[in-house]
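One chain is shown next in structure tokens, namely the form predicted alone.
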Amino acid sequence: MTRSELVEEVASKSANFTKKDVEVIVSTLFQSIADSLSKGEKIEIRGFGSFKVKQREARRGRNPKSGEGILVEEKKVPFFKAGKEFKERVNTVEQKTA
């Protein structure tokens, strides 16, 4: 599902919000998540999951084209952990369609 499909889905299920309103809400939600993560904060959405930032240490890597060794610098990466209810729902849907 793309962002525009998400907006379309939410707008179709709500008589109170226009597509434009939903676009603003979705954009604000994603921007708030990104801003919080960039500050190093953890985000927990009960029944869905949690987002946090993990620190990856510098390491030796290899250029796949040349085989030359390179240094991969340390970096921060976003990490999502699905919640129990979310995992159960995904597995239930998967079993119904199989």
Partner chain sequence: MTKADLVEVAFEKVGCSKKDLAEVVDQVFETIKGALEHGDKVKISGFGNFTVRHKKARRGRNPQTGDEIIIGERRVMTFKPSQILKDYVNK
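Keep in mind that what you see is a predicted model, and the values were worked out from it rather than measured. Residue numbers count along the first chain shown, from 1.
One more form of this protein, predicted in complex with the partner chain, exists but is not displayed; see below.
Contact annotation: Glu57 falls outside 4.5 Å of the partner chain in the model of the complex, judged by heavy atom distances. Among residues of the shown chain, Ile70 is not one whose heavy atoms approach the partner chain to within 4.5 Å in the model of the complex.
Under a 4.5 angstroms non-hydrogen atom cutoff, the partner chain in the model of the complex has Lys42 among its neighbouring residues. For Gly47, a non-hydrogen atom is located within 4.5 Å of the partner chain in the model of the complex, even though that partner is not displayed.
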